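As a starting point, one isolated chain is supplied in structure tokens, in the form predicted on its own.
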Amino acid sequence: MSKFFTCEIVGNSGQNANFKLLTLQPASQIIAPKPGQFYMIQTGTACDPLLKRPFSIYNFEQNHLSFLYRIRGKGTLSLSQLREGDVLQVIGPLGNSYPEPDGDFIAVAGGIGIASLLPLIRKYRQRAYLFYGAMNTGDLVMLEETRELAKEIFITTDDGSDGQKGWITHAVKDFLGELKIANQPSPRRKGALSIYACGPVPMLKALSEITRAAGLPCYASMEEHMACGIGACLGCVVKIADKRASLQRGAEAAGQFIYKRVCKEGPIFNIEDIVW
């Protein structure tokens, strides 16, 4: 089966004032996506916008693809104006996926980052401690579904309009401290509580410090502007610590990094490898 295919829009409905859910019906059988993968989707019926936009898979059921998105720029604005019956060109699934959790796990979502994590939470029902942060209550979406799927959910908003007031990373840090997880032995051992995250860079950077101190593995979905989505244009790179150089040259190679493509080697990276 090809990763290049056409789809018909069967739904493009608003979930609240800020978010919409796009549902597509492929014209043929397609490759089933894994949690954390994404698609490049045509956002207009003409050549403007010219480039496709990347969207994390929200759900795949009965050969229908669903994508949760927020209107933020020209591409998503154009997409929001499309109607049922419109036909789009799509490429996917692309990128790698979240590693399989061993037992219960923590999911940390910032804003629209919930779209990337929900397939993982849905697949491993009642195993996720979900930490969901947003600027205000209007930026929280799919709460009813997440409460049904997650083992426990913690909500924070910057303005205190829902859940606890403050940053979601503070809630994660408090939770890890209460469970005394930081005192566990090697994070590589079987059964260690893994953490999965998707959200804005400041959140992921703060989370990397917390998980490193706790000695827990954390896998982050990175977001970058993309042109092709297949690794050809090199426009979506992130800095990754050059471990091979460190092994070969020791301390003199400390701080060296290499670039890796979010669309090809990612979007999921071990958070301790990212150079912020």
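We number the residues from 1 along the sequence you see. Just so it is clear, the model here is predicted, and its values are computed rather than measured.
As for the form predicted in complex with a further copy of the same chain, it is not shown, yet the points below apply to it.
A heavy atom within 4.5 Å of a further copy of the same chain in the model of the complex is found for exactly one of Ala32, Ala213, Ala27, Ala46: Ala46. A single residue from the set Arg147, Arg83, Arg125, Arg72 has any heavy atom within 4.5 angstroms of a further copy of the same chain in the model of the complex; that residue is Arg83. This chain is displayed without a further copy of the same chain, yet in the model of the complex the stretch 85-93 from 160-168, 196-204, 127-135, 85-93 comes within 4.5 Å of it by heavy atoms.
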